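Given next, in structure tokens, is a single chain: the form predicted on its own.
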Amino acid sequence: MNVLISGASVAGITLAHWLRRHGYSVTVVERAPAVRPGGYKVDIRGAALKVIERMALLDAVRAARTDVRSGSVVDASGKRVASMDGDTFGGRRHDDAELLRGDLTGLLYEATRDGVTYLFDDSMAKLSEHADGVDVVFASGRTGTYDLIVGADGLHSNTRALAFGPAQQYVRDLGYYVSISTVPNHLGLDREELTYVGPGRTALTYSTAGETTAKAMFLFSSEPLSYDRHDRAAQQRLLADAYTGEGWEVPRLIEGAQAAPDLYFDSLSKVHMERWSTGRTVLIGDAAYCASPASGQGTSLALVGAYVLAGELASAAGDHAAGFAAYEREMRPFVNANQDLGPANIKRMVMRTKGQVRISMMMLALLNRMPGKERMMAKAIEPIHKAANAIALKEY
């Protein structure tokens, strides 16, 4: 069976790996000219760690760890209000792995490049399904016919638009925006993360092992913004406007983000769909069930979803409709548990008022002086670990 995957994402490349293992012929089409490097740090927890282990990539993932050793919340003067070890600060425990997204996709790509056909700098422009497959016209003008189409192309999925209809039917805005970029490490951070919280807006920066630069992340509440998501200048203006007059090192971080070659800017949104498949086309990862970056589980959902979809298709022995249906049955409770995390998490990450910020800083300062603070934090992050393990992976 010949499968076309749209998106050289974590979900897309992981699916390519498992489909190839099950004997499928796989092509991945990616709009970018290459697998995207860099990116923000991502966590792999629970069931997703088992997927990585079954891919024989666990040692490589651990070798690429960010090694962030500590995290602190700071006030406007730069004083550390509360500090803790990096794993506790990042909501990790046990064997959880953290690495840069680009490092993960790079590992996945290297593991699949010899057995999978990659078409970079291209995308699907038209899908025409018939009894024997799906005819695809690509943006480049090339054509092809495939047995199955898989959309692993993110929140703004091209595949979903072509096969299911406009994004407005499925994408739900949470009322916040996020921006991430590489910035100069002007604070001289050494595997450390600093977070500053202002009314309606949060900014943080961190450094990781082996990197001379730092990353900056901005989260702010907002009514829906009207802009072209391909217009970098517009995104820069919106980001700068959102943080006008903010304290701490925020002006320097905004300045660094303005000059960054890898600026990312988007809404915090979830994707809800009654079905993830139609005919011979199916969606995985953010395209089907984006939980928003606030959930902390997007990467794990992508890894697990790819593993389950490939396994259920293989178990269905050529009956793609049965395979798609089984994939949804297996994944739906896991997806629901993880999607529930985002709205609750973002309310703790971005405080709406000065009063909320002040009370939060007082509570953090008190917590910082109490014995056993790591144990108390561990209880606070229990929901994410419960959700990360809310599926029993089959052996396909």
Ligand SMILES: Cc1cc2nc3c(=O)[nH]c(=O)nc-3n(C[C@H](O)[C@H](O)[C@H](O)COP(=O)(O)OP(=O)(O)OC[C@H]3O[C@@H](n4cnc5c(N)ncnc54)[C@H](O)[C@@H]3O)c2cc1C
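Note that the coordinates shown come from a computational prediction; the quantities given were computed from them, not determined experimentally. Note that residue numbering follows the sequence shown and begins at 1.
The same protein has a further form, the form predicted in complex with the ligand, not shown here; the description that follows concerns it.
The chain is drawn here without the ligand; in the predicted bound form, the stretch among 53-61, 38-46, 355-363, 329-337 whose residues come within 4.5 Å of it by any heavy atom is 38-46. The ligand in the predicted bound form comes within 4.5 Å of a heavy atom belonging to residue 101. In the predicted bound form, at least one heavy atom of residue 217 sits within 4.5 Å of the ligand. Using a 4.5 angstroms threshold between heavy atoms, residue 178 counts as touching the ligand in the predicted bound form. Contact check for residue 123: a heavy atom falls within 4.5 Å of the ligand in the predicted bound form. For the candidate set 118, 264, 248, 109, a heavy atom within 4.5 Å of the ligand in the predicted bound form is found for exactly one residue, namely 264. Of the residues in 292-331, those that come within 4.5 Å of the ligand in the predicted bound form through at least one heavy atom are, in sequence order, 293, 296, 297, 298, 299, 300, 302.
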